[in-house]
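A single chain, nothing else alongside it, follows as structure tokens in the form predicted on its own.
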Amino acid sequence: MRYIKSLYIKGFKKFDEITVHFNEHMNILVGENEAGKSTILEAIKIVLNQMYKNADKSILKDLFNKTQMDIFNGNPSLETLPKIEIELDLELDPTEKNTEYFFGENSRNAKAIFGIKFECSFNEDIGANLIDVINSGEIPYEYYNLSWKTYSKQQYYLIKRPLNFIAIDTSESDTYNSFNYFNRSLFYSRYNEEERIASKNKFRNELSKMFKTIKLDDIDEHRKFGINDKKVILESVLAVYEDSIALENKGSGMSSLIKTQIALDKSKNNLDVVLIEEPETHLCHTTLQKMLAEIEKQQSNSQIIITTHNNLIASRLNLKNVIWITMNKAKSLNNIAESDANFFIKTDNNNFLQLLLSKKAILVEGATEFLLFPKIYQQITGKSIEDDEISIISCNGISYSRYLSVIKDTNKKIAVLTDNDKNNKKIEESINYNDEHQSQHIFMDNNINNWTWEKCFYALNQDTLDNLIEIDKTANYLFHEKDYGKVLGKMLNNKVETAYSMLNSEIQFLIPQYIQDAIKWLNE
């Protein structure tokens, strides 16, 4: 199988320097907005497709890394001019044709492997007389060279592209160019060079014949209309049809699904690598489920690299395949336990990505805590959880231990608010856990009589809650067949309703100590 082993970027857009190691089959790139997920896909396209090769050099202003630009602006000189390096390490079959063309030591590691190197740097030979211009703080973009070389130090030509790949950008606003790229890429991957040349020549000849049948009058004695072969080429007019409808004329969500289905069918299209940017865009839940089913079914045939913000995609395609882009680093989550990864595959309703992408987080057991915690936090700190960049995440029936397990290697600060359930052993285990873990702590009331969130609040605010919570005097409000009194009984049986009453009141409640401790620890 041919695939991308790793990508090295230096000085390109978001990245001062980063190395991304890819899995052979499935790769899920996640990160906050502007983390650089799309930049990674763009870097791959620059190397393999020679993107920007014929673009105006002014585009370089948008491609150079900001840190490098700041260094140059602070100390303009030939040595501090910004430059870009991108290297793509490949896994190729050495017995296949042309693979020796990519094998060599022309890489950052200086060891013999397969790959391609892209460089964008100032050409000192033709710009030798521009030193004064550079020292004045001006970057002579027109004197930059864009070069593509294989690791054998030979010029890289697209006709010798080492693997077939396609990029599907469902967020693409330029629909025409998006489809044009997809159709062209599919044409090149599905047919070999001999077949493509034959079909293009036949198209050109048949078009000329057809034009003659129109029989337009001559313009004058020496002039007449004809076909401009440079304007009308087969690749520019290709469209993919499903039955009698072009994909361009289908809805955005359905066309994205069909594009993905086509790209993943390697038996017909011979694609080694498929890049998919934000597949959730324009898709309803049902269509997204269909797309994920296609990806799951075909993922062993090709290398798939996906960017996403969607919990369902990340968990359904296995959290072990997640590559977290953060702080100019790419962190694989491959060390997640198989049992935990399999658990999240089966639980669509989870908040894993919200937890992973948060700076600090507090895990709560359900809707009651989720509703009230922001008010409690504001009361204690005088600030909102948004001000302090704290995410509140409801486990929704998923054991908090599952979340702690999959997030343990990230060193992310996470507090858990949970009930002791009248269990002294649970209290002891939480104390031991906190002693052993610096970044994640579990908080619960140490008194087994205060066994749940509602009981803790009622113990401290009995008179206040007796006046606030409306009860039906004829009702029993038994909880698990036990009588805890009408007000507490209603709080236990109608958790969301009573929490909403507390939330909408102007009352400053007394806060249980373990909740205060959690807030203090989060802000240490």
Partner chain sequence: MAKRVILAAAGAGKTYHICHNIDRDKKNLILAYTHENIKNIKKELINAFGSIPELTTIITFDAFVYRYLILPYESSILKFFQKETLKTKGITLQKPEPQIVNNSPNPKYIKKDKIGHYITKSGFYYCDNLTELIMYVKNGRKSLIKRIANNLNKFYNEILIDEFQDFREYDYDLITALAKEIDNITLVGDYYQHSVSGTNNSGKPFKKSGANVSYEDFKNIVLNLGFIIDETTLQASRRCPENICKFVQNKLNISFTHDNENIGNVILLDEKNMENVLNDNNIMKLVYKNATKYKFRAMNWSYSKGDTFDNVCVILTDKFEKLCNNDFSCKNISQITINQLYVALTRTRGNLYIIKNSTFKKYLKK
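All values reported here derive from a predicted model rather than from experimental measurement. Numbering follows the first chain given and starts at 1.
Although it is not shown, the form predicted together with its partner chain is what the next lines describe.
Undergrad: Does any part of Pro374 reach within 4.5 Å of its partner chain in the predicted complex? Heavy atoms only, please.
TA: Contact with its partner chain, no.
Undergrad: Check whether Ala112 has any heavy atom within 4.5 Å of a heavy atom of its partner chain in the predicted complex, and answer yes or no.
TA: Within the cut-off, so yes.
Undergrad: Hey, in the predicted complex, is Ser358 touching its partner chain, heavy atoms inside 4.5 Å?
TA: No, no contact at 4.5 Å.
Undergrad: Hey, in the predicted complex, is Lys97 touching its partner chain, heavy atoms inside 4.5 Å?
TA: Because a heavy atom of Lys97 falls inside 4.5 Å of its partner chain in the predicted complex, the answer is yes.
Undergrad: Counting any non-hydrogen atom inside 4.5 Å, which residue from Lys200, Lys422, Lys153, Lys329 sits next to its partner chain in the predicted complex?
TA: Only one listed residue qualifies here, and that residue is Lys153.
Undergrad: Considering Thr80, Asn183, Asn106, Asn351, which brings a non-hydrogen atom within 4.5 Å of its partner chain in the predicted complex?
TA: Only one listed residue qualifies here, and that residue is Asn106.
Undergrad: What stretch, of 393-401, 278-286, 302-310, 87-95, brings heavy atoms to within 4.5 Å of its partner chain in the predicted complex?
TA: Of the options given, it is 87-95.
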